[in-house]
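Single chain ahead, written as C-alpha coordinates, the form predicted on its own.
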Amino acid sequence: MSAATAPEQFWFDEFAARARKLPGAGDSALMEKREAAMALFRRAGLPHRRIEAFKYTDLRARLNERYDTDQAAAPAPQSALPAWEANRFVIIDGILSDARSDRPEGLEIASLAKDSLPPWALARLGAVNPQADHVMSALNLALMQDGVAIRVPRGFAALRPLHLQFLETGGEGAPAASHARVLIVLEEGASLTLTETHEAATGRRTLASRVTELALERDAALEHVRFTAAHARHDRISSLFAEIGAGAAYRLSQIQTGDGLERDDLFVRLEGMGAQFLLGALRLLEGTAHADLTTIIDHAGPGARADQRVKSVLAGKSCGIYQGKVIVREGALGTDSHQLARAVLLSGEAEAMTKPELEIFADDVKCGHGATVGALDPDALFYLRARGVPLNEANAMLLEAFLAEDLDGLSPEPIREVLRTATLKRLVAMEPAK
(Lines give C-alpha, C1' and ligand atoms only; values in the text may rest on other atoms or scores of the structure.)
Protein backbone atom coordinates (compact mmCIF):
# COMPACT_ATOMS: atom_id res chain seq x y z
CA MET A 1 0.00 0.00 0.00
CA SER A 2 1.21 3.55 -0.69
CA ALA A 3 1.80 6.00 2.13
CA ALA A 4 -1.36 6.96 4.00
CA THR A 5 -3.01 10.27 3.22
CA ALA A 6 -3.74 12.69 6.05
CA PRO A 7 -7.43 11.68 6.26
CA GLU A 8 -6.50 7.99 6.45
CA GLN A 9 -3.80 8.62 9.03
CA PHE A 10 -6.39 10.30 11.22
CA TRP A 11 -8.44 7.08 11.35
CA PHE A 12 -5.32 4.99 12.04
CA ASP A 13 -4.44 7.27 14.94
CA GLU A 14 -8.03 7.35 16.17
CA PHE A 15 -8.22 3.57 16.38
CA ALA A 16 -4.85 3.32 18.13
CA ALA A 17 -5.86 5.95 20.68
CA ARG A 18 -9.32 4.54 21.35
CA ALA A 19 -8.89 0.79 20.86
CA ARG A 20 -8.98 -0.11 24.55
CA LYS A 21 -11.75 2.37 25.29
CA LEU A 22 -14.13 1.19 22.59
CA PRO A 23 -17.31 -0.69 23.55
CA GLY A 24 -16.52 -4.37 23.93
CA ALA A 25 -12.80 -3.77 24.53
CA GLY A 26 -12.90 -6.45 27.24
CA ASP A 27 -14.39 -9.02 24.86
CA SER A 28 -11.49 -10.70 23.07
CA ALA A 29 -13.68 -12.08 20.25
CA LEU A 30 -15.16 -8.65 19.50
CA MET A 31 -11.77 -6.94 19.70
CA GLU A 32 -10.38 -9.53 17.29
CA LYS A 33 -13.12 -8.56 14.81
CA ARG A 34 -12.34 -4.86 15.31
CA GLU A 35 -8.62 -5.32 14.83
CA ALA A 36 -9.11 -7.41 11.68
CA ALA A 37 -11.42 -4.73 10.29
CA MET A 38 -8.88 -1.99 11.00
CA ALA A 39 -6.15 -4.06 9.35
CA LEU A 40 -8.29 -4.24 6.19
CA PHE A 41 -8.78 -0.48 6.24
CA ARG A 42 -5.07 0.06 6.81
CA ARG A 43 -4.24 -2.05 3.75
CA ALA A 44 -6.79 -0.45 1.42
CA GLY A 45 -7.30 3.12 2.67
CA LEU A 46 -10.27 5.29 1.79
CA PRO A 47 -12.02 4.47 -1.51
CA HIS A 48 -11.19 6.81 -4.37
CA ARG A 49 -12.15 7.36 -7.99
CA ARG A 50 -9.55 4.93 -9.38
CA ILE A 51 -11.57 2.12 -7.79
CA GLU A 52 -14.34 1.20 -10.25
CA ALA A 53 -17.16 1.06 -7.67
CA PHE A 54 -16.21 4.55 -6.44
CA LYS A 55 -15.40 6.21 -9.76
CA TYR A 56 -18.25 8.71 -9.24
CA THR A 57 -17.80 9.18 -5.47
CA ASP A 58 -14.24 9.88 -4.32
CA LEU A 59 -14.39 9.45 -0.55
CA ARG A 60 -10.67 10.01 -0.13
CA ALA A 61 -11.11 13.53 -1.50
CA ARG A 62 -14.39 14.18 0.33
CA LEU A 63 -13.60 12.88 3.83
CA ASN A 64 -10.58 15.11 4.30
CA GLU A 65 -11.22 16.44 7.82
CA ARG A 66 -10.07 15.61 11.32
CA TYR A 67 -13.27 14.62 13.08
CA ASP A 68 -14.39 14.91 16.67
CA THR A 69 -15.48 11.38 17.64
CA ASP A 70 -15.86 12.16 21.36
CA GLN A 71 -18.74 14.58 21.06
CA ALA A 72 -19.95 16.43 24.12
CA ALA A 73 -23.56 15.84 25.04
CA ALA A 74 -25.86 18.13 23.05
CA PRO A 75 -29.62 18.42 22.83
CA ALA A 76 -30.96 15.94 20.32
CA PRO A 77 -32.80 17.54 17.40
CA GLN A 78 -36.53 17.04 17.15
CA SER A 79 -37.63 14.98 14.21
CA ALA A 80 -39.38 16.90 11.44
CA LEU A 81 -41.63 13.88 10.89
CA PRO A 82 -44.82 13.25 12.86
CA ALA A 83 -44.60 10.17 15.07
CA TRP A 84 -46.35 6.92 14.19
CA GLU A 85 -47.14 3.93 16.35
CA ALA A 86 -43.97 1.86 16.70
CA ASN A 87 -41.41 0.50 19.12
CA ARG A 88 -38.53 2.95 18.87
CA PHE A 89 -34.78 2.70 19.06
CA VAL A 90 -33.29 6.20 19.11
CA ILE A 91 -29.61 6.51 18.17
CA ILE A 92 -28.14 9.98 18.78
CA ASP A 93 -24.70 10.71 17.33
CA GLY A 94 -24.09 6.97 17.07
CA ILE A 95 -25.15 6.15 20.66
CA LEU A 96 -28.32 4.21 21.53
CA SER A 97 -30.43 6.32 23.92
CA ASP A 98 -31.82 4.01 26.61
CA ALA A 99 -34.13 6.72 27.91
CA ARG A 100 -35.81 7.22 24.54
CA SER A 101 -35.81 3.60 23.34
CA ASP A 102 -38.24 0.73 23.90
CA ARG A 103 -37.63 -2.92 24.76
CA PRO A 104 -40.60 -4.71 23.18
CA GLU A 105 -41.54 -8.14 24.47
CA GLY A 106 -40.96 -11.18 22.31
CA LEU A 107 -37.71 -9.92 20.78
CA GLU A 108 -34.16 -10.44 21.98
CA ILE A 109 -32.40 -7.07 22.03
CA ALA A 110 -28.84 -6.06 22.88
CA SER A 111 -27.01 -2.73 22.73
CA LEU A 112 -23.75 -3.18 20.86
CA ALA A 113 -21.99 -1.04 23.47
CA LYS A 114 -23.77 -1.46 26.78
CA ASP A 115 -24.73 -5.14 26.82
CA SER A 116 -22.67 -8.31 26.77
CA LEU A 117 -23.30 -9.58 23.26
CA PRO A 118 -25.12 -12.93 23.10
CA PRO A 119 -23.45 -15.67 21.02
CA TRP A 120 -25.92 -15.29 18.12
CA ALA A 121 -25.08 -11.58 17.79
CA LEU A 122 -21.32 -11.98 18.15
CA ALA A 123 -21.29 -14.75 15.54
CA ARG A 124 -23.23 -12.68 12.98
CA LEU A 125 -21.61 -9.27 13.58
CA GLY A 126 -19.58 -8.36 10.52
CA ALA A 127 -20.33 -11.77 8.99
CA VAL A 128 -23.67 -11.33 7.18
CA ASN A 129 -23.08 -11.65 3.41
CA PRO A 130 -19.46 -10.63 4.04
CA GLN A 131 -17.62 -8.50 1.49
CA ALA A 132 -13.94 -9.08 2.19
CA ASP A 133 -12.85 -5.85 0.52
CA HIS A 134 -15.56 -3.44 1.71
CA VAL A 135 -13.46 -0.76 3.32
CA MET A 136 -16.11 1.57 4.75
CA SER A 137 -17.97 -1.20 6.60
CA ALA A 138 -14.60 -2.33 8.00
CA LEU A 139 -13.88 1.19 9.28
CA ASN A 140 -17.35 1.26 10.83
CA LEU A 141 -16.79 -2.02 12.67
CA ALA A 142 -13.35 -0.95 13.87
CA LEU A 143 -14.65 2.32 15.38
CA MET A 144 -18.27 1.32 16.14
CA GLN A 145 -19.58 3.36 19.08
CA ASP A 146 -22.92 1.65 19.58
CA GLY A 147 -25.98 0.28 17.85
CA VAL A 148 -28.49 -2.47 18.39
CA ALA A 149 -28.77 -6.22 17.74
CA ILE A 150 -32.29 -7.64 17.42
CA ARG A 151 -33.35 -11.27 17.09
CA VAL A 152 -36.90 -12.13 16.01
CA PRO A 153 -37.53 -15.71 17.16
CA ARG A 154 -38.82 -18.52 14.99
CA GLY A 155 -42.42 -18.04 13.84
CA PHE A 156 -42.84 -14.73 15.70
CA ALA A 157 -44.88 -12.02 13.94
CA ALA A 158 -44.14 -8.57 15.39
CA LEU A 159 -47.47 -6.71 15.64
CA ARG A 160 -45.97 -3.22 15.91
CA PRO A 161 -43.30 -1.84 13.57
CA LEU A 162 -39.81 -1.19 14.87
CA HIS A 163 -38.53 2.33 14.23
CA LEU A 164 -34.78 2.99 14.10
CA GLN A 165 -34.46 6.76 14.55
CA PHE A 166 -31.00 8.15 13.80
CA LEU A 167 -30.40 11.78 14.86
CA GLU A 168 -27.25 13.88 14.43
CA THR A 169 -27.02 16.85 16.81
CA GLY A 170 -24.92 19.15 14.63
CA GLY A 171 -24.03 22.20 16.75
CA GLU A 172 -20.89 24.28 16.49
CA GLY A 173 -17.17 23.48 16.47
CA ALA A 174 -14.97 20.96 14.68
CA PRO A 175 -16.46 18.43 12.26
CA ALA A 176 -17.98 15.45 14.09
CA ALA A 177 -18.19 11.77 13.15
CA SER A 178 -20.24 8.88 14.49
CA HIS A 179 -20.19 5.15 13.75
CA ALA A 180 -23.25 3.00 14.49
CA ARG A 181 -24.31 -0.49 13.46
CA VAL A 182 -27.54 -2.52 13.36
CA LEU A 183 -27.84 -6.30 13.27
CA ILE A 184 -31.24 -7.96 12.78
CA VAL A 185 -31.81 -11.71 12.58
CA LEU A 186 -35.23 -13.08 11.58
CA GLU A 187 -35.42 -16.76 12.34
CA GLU A 188 -37.44 -19.22 10.29
CA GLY A 189 -40.99 -18.00 9.59
CA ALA A 190 -40.58 -14.73 11.55
CA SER A 191 -41.96 -11.43 10.21
CA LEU A 192 -41.27 -7.79 10.95
CA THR A 193 -41.96 -4.26 9.70
CA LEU A 194 -38.93 -2.02 10.13
CA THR A 195 -38.88 1.76 9.63
CA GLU A 196 -35.70 3.77 9.65
CA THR A 197 -35.24 7.55 9.59
CA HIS A 198 -32.04 9.61 9.38
CA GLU A 199 -32.09 13.32 10.20
CA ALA A 200 -29.29 15.77 10.95
CA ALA A 201 -29.38 19.21 12.55
CA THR A 202 -27.60 22.02 10.72
CA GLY A 203 -24.37 23.55 11.98
CA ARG A 204 -20.94 21.98 11.89
CA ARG A 205 -20.04 19.39 9.31
CA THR A 206 -20.98 15.84 10.31
CA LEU A 207 -20.11 12.37 9.06
CA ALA A 208 -22.53 9.53 9.84
CA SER A 209 -21.17 6.03 9.18
CA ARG A 210 -23.97 3.45 9.31
CA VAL A 211 -23.96 -0.31 8.65
CA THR A 212 -27.00 -2.61 8.70
CA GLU A 213 -26.79 -6.41 8.66
CA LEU A 214 -29.95 -8.42 7.97
CA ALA A 215 -30.25 -12.20 8.09
CA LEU A 216 -33.58 -13.68 6.96
CA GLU A 217 -33.86 -17.39 7.53
CA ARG A 218 -36.23 -19.70 5.62
CA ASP A 219 -39.74 -18.23 5.02
CA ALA A 220 -39.04 -15.05 7.01
CA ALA A 221 -40.52 -11.73 5.84
CA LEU A 222 -39.19 -8.20 6.31
CA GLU A 223 -40.86 -4.95 5.21
CA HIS A 224 -38.24 -2.19 5.49
CA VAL A 225 -38.86 1.54 4.92
CA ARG A 226 -36.00 4.08 5.02
CA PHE A 227 -36.20 7.89 4.96
CA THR A 228 -33.19 10.22 4.96
CA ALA A 229 -33.04 14.01 5.05
CA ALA A 230 -29.55 15.44 4.57
CA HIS A 231 -28.14 18.96 4.37
CA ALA A 232 -25.08 20.28 2.57
CA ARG A 233 -22.78 19.85 5.58
CA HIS A 234 -23.88 16.30 6.37
CA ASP A 235 -22.16 13.27 4.83
CA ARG A 236 -23.83 9.87 5.23
CA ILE A 237 -22.02 6.67 4.31
CA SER A 238 -24.32 3.66 4.59
CA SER A 239 -23.85 -0.04 3.88
CA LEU A 240 -26.50 -2.76 4.05
CA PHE A 241 -25.72 -6.46 3.91
CA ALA A 242 -28.55 -8.97 3.61
CA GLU A 243 -28.89 -12.74 3.34
CA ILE A 244 -32.30 -14.03 2.20
CA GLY A 245 -33.04 -17.70 2.77
CA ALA A 246 -35.28 -19.97 0.72
CA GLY A 247 -38.89 -18.76 0.69
CA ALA A 248 -37.97 -15.54 2.53
CA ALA A 249 -39.01 -12.09 1.28
CA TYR A 250 -37.30 -8.74 1.82
CA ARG A 251 -38.89 -5.55 0.55
CA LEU A 252 -36.95 -2.28 0.89
CA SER A 253 -38.52 1.13 0.20
CA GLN A 254 -36.07 4.01 0.38
CA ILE A 255 -36.66 7.78 0.16
CA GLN A 256 -33.72 10.19 0.08
CA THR A 257 -34.09 13.98 0.23
CA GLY A 258 -31.87 17.00 0.70
CA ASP A 259 -28.63 18.45 -0.60
CA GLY A 260 -25.87 16.49 1.17
CA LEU A 261 -23.58 13.59 0.27
CA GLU A 262 -25.04 10.09 0.54
CA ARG A 263 -23.31 6.89 -0.47
CA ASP A 264 -25.52 3.80 -0.09
CA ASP A 265 -24.19 0.32 -0.74
CA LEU A 266 -26.67 -2.58 -0.83
CA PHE A 267 -25.33 -6.14 -0.93
CA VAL A 268 -28.08 -8.75 -1.09
CA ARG A 269 -27.61 -12.50 -1.43
CA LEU A 270 -30.60 -14.66 -2.41
CA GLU A 271 -29.84 -18.13 -1.20
CA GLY A 272 -32.59 -20.46 -2.35
CA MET A 273 -35.86 -21.34 -4.02
CA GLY A 274 -38.52 -18.65 -3.64
CA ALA A 275 -36.25 -16.02 -2.07
CA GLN A 276 -37.36 -12.49 -3.02
CA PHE A 277 -35.86 -9.01 -2.89
CA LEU A 278 -37.79 -5.91 -3.98
CA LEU A 279 -36.22 -2.45 -3.99
CA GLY A 280 -38.12 0.79 -4.58
CA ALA A 281 -35.85 3.85 -4.22
CA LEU A 282 -36.96 7.48 -4.57
CA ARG A 283 -34.45 10.35 -4.55
CA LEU A 284 -35.39 14.03 -4.38
CA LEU A 285 -32.11 15.92 -4.64
CA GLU A 286 -31.34 19.63 -4.86
CA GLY A 287 -28.53 22.13 -4.33
CA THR A 288 -25.20 20.33 -4.58
CA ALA A 289 -26.53 16.96 -3.40
CA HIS A 290 -24.55 13.88 -4.40
CA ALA A 291 -26.37 10.56 -3.93
CA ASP A 292 -24.68 7.35 -5.03
CA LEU A 293 -26.71 4.13 -4.75
CA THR A 294 -24.63 1.05 -5.54
CA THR A 295 -26.20 -2.42 -5.40
CA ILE A 296 -24.91 -5.96 -5.85
CA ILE A 297 -27.66 -8.58 -6.01
CA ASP A 298 -26.18 -12.07 -5.81
CA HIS A 299 -28.42 -14.94 -6.95
CA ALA A 300 -26.62 -17.78 -5.20
CA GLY A 301 -29.41 -20.37 -5.50
CA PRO A 302 -32.13 -21.33 -7.99
CA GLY A 303 -35.64 -19.92 -8.29
CA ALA A 304 -35.08 -16.51 -6.67
CA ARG A 305 -36.55 -13.18 -7.77
CA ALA A 306 -35.23 -9.62 -7.49
CA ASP A 307 -36.69 -6.38 -8.78
CA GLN A 308 -34.99 -2.97 -8.44
CA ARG A 309 -36.71 0.29 -9.33
CA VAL A 310 -34.86 3.59 -8.76
CA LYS A 311 -36.48 6.97 -9.50
CA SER A 312 -34.68 10.31 -9.12
CA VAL A 313 -35.83 13.93 -9.24
CA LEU A 314 -32.76 16.16 -9.61
CA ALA A 315 -32.71 19.94 -9.22
CA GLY A 316 -29.95 22.56 -8.93
CA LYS A 317 -26.48 21.08 -9.36
CA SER A 318 -27.38 17.76 -7.81
CA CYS A 319 -26.02 14.43 -9.01
CA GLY A 320 -27.88 11.11 -8.76
CA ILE A 321 -25.92 7.91 -9.40
CA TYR A 322 -27.17 4.34 -9.62
CA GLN A 323 -24.75 1.47 -10.10
CA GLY A 324 -26.56 -1.86 -10.13
CA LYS A 325 -24.90 -5.24 -10.58
CA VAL A 326 -26.77 -8.55 -10.78
CA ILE A 327 -24.79 -11.79 -10.41
CA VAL A 328 -26.41 -15.12 -11.33
CA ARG A 329 -24.27 -17.96 -10.00
CA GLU A 330 -23.77 -21.29 -11.72
CA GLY A 331 -26.74 -23.48 -10.91
CA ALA A 332 -29.09 -20.57 -10.10
CA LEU A 333 -31.66 -21.76 -12.63
CA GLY A 334 -34.99 -19.98 -12.86
CA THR A 335 -33.59 -16.66 -11.66
CA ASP A 336 -35.82 -13.65 -12.38
CA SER A 337 -33.97 -10.33 -11.87
CA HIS A 338 -34.66 -6.86 -13.24
CA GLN A 339 -33.41 -3.28 -12.86
CA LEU A 340 -35.05 -0.02 -13.90
CA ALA A 341 -33.66 3.48 -13.32
CA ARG A 342 -35.59 6.63 -14.29
CA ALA A 343 -34.53 10.22 -13.66
CA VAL A 344 -36.19 13.61 -14.17
CA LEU A 345 -33.90 16.64 -14.45
CA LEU A 346 -35.31 19.96 -13.26
CA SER A 347 -32.13 21.85 -14.10
CA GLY A 348 -29.64 21.94 -16.94
CA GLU A 349 -26.86 21.57 -14.36
CA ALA A 350 -28.25 18.44 -12.68
CA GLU A 351 -26.72 15.07 -13.58
CA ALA A 352 -27.98 11.49 -13.64
CA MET A 353 -25.60 8.56 -14.07
CA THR A 354 -26.68 4.95 -14.43
CA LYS A 355 -24.45 1.89 -14.79
CA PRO A 356 -26.28 -1.47 -14.87
CA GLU A 357 -24.27 -4.71 -15.00
CA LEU A 358 -25.21 -8.36 -15.48
CA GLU A 359 -22.95 -11.34 -14.75
CA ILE A 360 -24.80 -14.52 -15.69
CA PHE A 361 -23.32 -18.00 -15.27
CA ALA A 362 -26.53 -20.06 -15.61
CA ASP A 363 -29.08 -20.91 -18.27
CA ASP A 364 -32.87 -20.61 -18.05
CA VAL A 365 -32.90 -17.16 -16.41
CA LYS A 366 -34.78 -13.90 -16.99
CA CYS A 367 -32.66 -10.80 -16.45
CA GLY A 368 -33.03 -7.29 -17.80
CA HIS A 369 -32.33 -3.64 -17.20
CA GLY A 370 -33.52 -0.27 -18.45
CA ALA A 371 -32.80 3.42 -17.88
CA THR A 372 -34.36 6.75 -18.90
CA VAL A 373 -33.29 10.34 -18.24
CA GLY A 374 -35.29 13.40 -19.26
CA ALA A 375 -37.16 16.54 -18.29
CA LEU A 376 -40.82 17.05 -17.43
CA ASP A 377 -43.17 17.02 -20.39
CA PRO A 378 -43.37 20.68 -21.56
CA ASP A 379 -46.83 20.14 -23.05
CA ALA A 380 -48.16 18.86 -19.72
CA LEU A 381 -46.58 21.86 -17.93
CA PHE A 382 -48.11 24.26 -20.46
CA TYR A 383 -51.52 22.63 -20.01
CA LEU A 384 -51.43 23.11 -16.23
CA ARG A 385 -50.01 26.67 -16.41
CA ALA A 386 -52.69 27.67 -18.94
CA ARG A 387 -55.30 26.72 -16.35
CA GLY A 388 -53.81 28.96 -13.70
CA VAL A 389 -51.71 26.41 -11.79
CA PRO A 390 -48.55 28.11 -10.38
CA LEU A 391 -45.25 26.79 -11.72
CA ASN A 392 -44.13 25.13 -8.46
CA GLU A 393 -47.46 23.38 -8.04
CA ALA A 394 -47.54 22.29 -11.68
CA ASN A 395 -44.09 20.75 -11.28
CA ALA A 396 -45.15 19.05 -8.05
CA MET A 397 -48.28 17.58 -9.65
CA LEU A 398 -46.33 16.03 -12.52
CA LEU A 399 -43.61 14.76 -10.21
CA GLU A 400 -46.20 13.29 -7.86
CA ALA A 401 -47.56 11.30 -10.79
CA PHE A 402 -44.00 10.16 -11.58
CA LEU A 403 -43.52 8.91 -8.00
CA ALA A 404 -47.09 7.82 -7.26
CA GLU A 405 -46.65 4.07 -7.76
CA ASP A 406 -43.83 3.89 -5.22
CA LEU A 407 -45.39 6.28 -2.68
CA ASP A 408 -48.69 4.42 -2.78
CA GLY A 409 -46.87 1.15 -2.26
CA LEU A 410 -45.37 2.10 1.11
CA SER A 411 -46.62 -0.02 3.98
CA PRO A 412 -48.22 0.04 6.51
CA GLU A 413 -50.72 2.88 6.11
CA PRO A 414 -49.68 5.27 8.94
CA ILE A 415 -46.08 5.24 7.67
CA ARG A 416 -47.24 5.69 4.08
CA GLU A 417 -49.22 8.83 4.92
CA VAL A 418 -46.41 10.42 6.96
CA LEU A 419 -43.73 9.84 4.32
CA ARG A 420 -46.03 10.65 1.41
CA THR A 421 -46.85 14.03 3.00
CA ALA A 422 -43.16 14.76 3.70
CA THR A 423 -42.21 13.83 0.14
CA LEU A 424 -44.91 15.94 -1.49
CA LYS A 425 -43.99 18.90 0.72
CA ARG A 426 -40.42 18.59 -0.53
CA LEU A 427 -41.61 18.41 -4.15
CA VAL A 428 -43.50 21.70 -3.87
CA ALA A 429 -40.42 23.39 -2.38
CA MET A 430 -37.99 22.14 -5.04
CA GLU A 431 -36.64 24.47 -7.69
CA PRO A 432 -39.15 24.37 -10.55
CA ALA A 433 -38.26 23.34 -14.08
CA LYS A 434 -38.11 26.38 -16.31
Partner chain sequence: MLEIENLHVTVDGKEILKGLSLKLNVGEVHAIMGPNGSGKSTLSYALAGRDGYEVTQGTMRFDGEDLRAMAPEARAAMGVFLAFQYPVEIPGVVTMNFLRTALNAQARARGEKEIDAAQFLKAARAAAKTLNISEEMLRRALNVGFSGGEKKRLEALQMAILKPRLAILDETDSGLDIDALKLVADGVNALRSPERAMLVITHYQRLLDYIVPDHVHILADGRIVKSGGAGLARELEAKGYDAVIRSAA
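Numbering follows the first chain given and starts at 1. Just so we're clear, the structure is a prediction, and the values are computed from it rather than from any experiment. Here the rigid core means the biggest group of C-alpha atoms that line up within 1.5 Å when the two forms are laid on top of each other.
What comes next is about the form predicted together with the partner chain, which does not appear here.
By the criterion of a heavy atom within 4.5 Å, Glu393 is counted among the residues contacting the partner chain in the model of the complex. Using a 4.5 angstroms threshold between heavy atoms, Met397 counts as touching the partner chain in the model of the complex. Though the partner is left out of this view, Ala36 does not reach within 4.5 Å of the partner chain in the model of the complex, counting heavy atoms only. For the chain shown alone, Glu52 is not a contact residue for the partner chain in the model of the complex, no non-hydrogen atom being within 4.5 angstroms. Residues placing heavy atoms within 4.5 Å of the partner chain in the model of the complex fall in a single listed stretch, namely 375 to 383, out of 375 to 383, 54 to 62, 28 to 36, 41 to 49.
After superposition on the rigid core, the Cα of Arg50 moves by less than 2 Å between the shown form and the other one.
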